[in-house]
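As a starting point, one isolated chain is supplied in structure tokens, in the form predicted on its own.
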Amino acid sequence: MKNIIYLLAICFLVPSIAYSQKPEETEVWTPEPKLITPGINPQAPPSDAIVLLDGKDLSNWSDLKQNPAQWTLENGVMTVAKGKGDIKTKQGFGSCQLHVEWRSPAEVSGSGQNRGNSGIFLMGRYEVQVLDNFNNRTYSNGQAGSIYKQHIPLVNACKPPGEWQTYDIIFTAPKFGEDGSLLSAARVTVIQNGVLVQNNVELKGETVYIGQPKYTKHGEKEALVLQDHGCLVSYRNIWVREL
């Protein structure tokens, strides 16, 4: 009987406590979010973005040896130059929001991994695969939208070859201790052509072609790398927001 009386008292007491509070007591006014201006369309960079490729020049890019990037630039579009190697940003980035538009060649050549292959390496180490997977089967953890050899995309959201595609990537950089130990793993969300294909997945380590991925301590900010895989993949409108 005492337990019943106690429970009844609690039931009446909790609502009375809640209603005794004022709504202002749970309103948070500081800090105030910074005001920015969104892009005029979802692909346009917002006012606080760092524009890495605006179609005018390749001044924000170099090859892996710090020499000027040798990829081609025509009509605002940057295209892989076979054999010239990967290119990287001159500026380093950690956690970020990244927007990339890419296009595989309209003229289909090859199959599997040899068709429209490139890649976006966050911090130069963690690859979001770029590949023409429109009616082109390959291993699931290596197709477009995959975190290469780690996470299969939720769906295949590829457009036909020759059409522009978008990646909007949210990347949380890993954190390391002074002794090189991993404190927190990297995480990635990828939206391809407006469709969620990676949902805040945890990375197992750096991208490797053979074997299992693992982490090695690196800087808090590292260059973004685009891959020359021997296919004439094109890029445009690349911008990033540091988080």
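Note that residue numbering follows the sequence shown and begins at 1. Model, not experiment: these values are computed from the prediction.
Below, we refer to the form predicted in complex with another copy of the chain, which is not included among the displayed structures.
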Is G194 close enough to touch another copy of the chain in the predicted complex, meaning at least one heavy atom pair within 4.5 Å? yes
Heavy atoms within 4.5 Å of another copy of the chain in the predicted complex: does K88 have any? no
Though only this chain appears here, would P38 touch another copy of the chain in the predicted complex if you measure heavy atom gaps against 4.5 Å? yes
Is the gap between T189 and another copy of the chain in the predicted complex 4.5 Å or less for some heavy atom pair? yes
Checking S59, Q70, S184, Q43 against another copy of the chain in the predicted complex, the residue with a non-hydrogen atom inside 4.5 angstroms turns out to be Q43
Which residue, V80, V130, C158, L122, is the contact with another copy of the chain in the predicted complex, using a 4.5 Å heavy atom cutoff? C158
Near another copy of the chain in the predicted complex, with a heavy atom at 4.5 Å or closer, the residues from 161 to 175 are P161, G162, E163, W164, T166, I170, T172
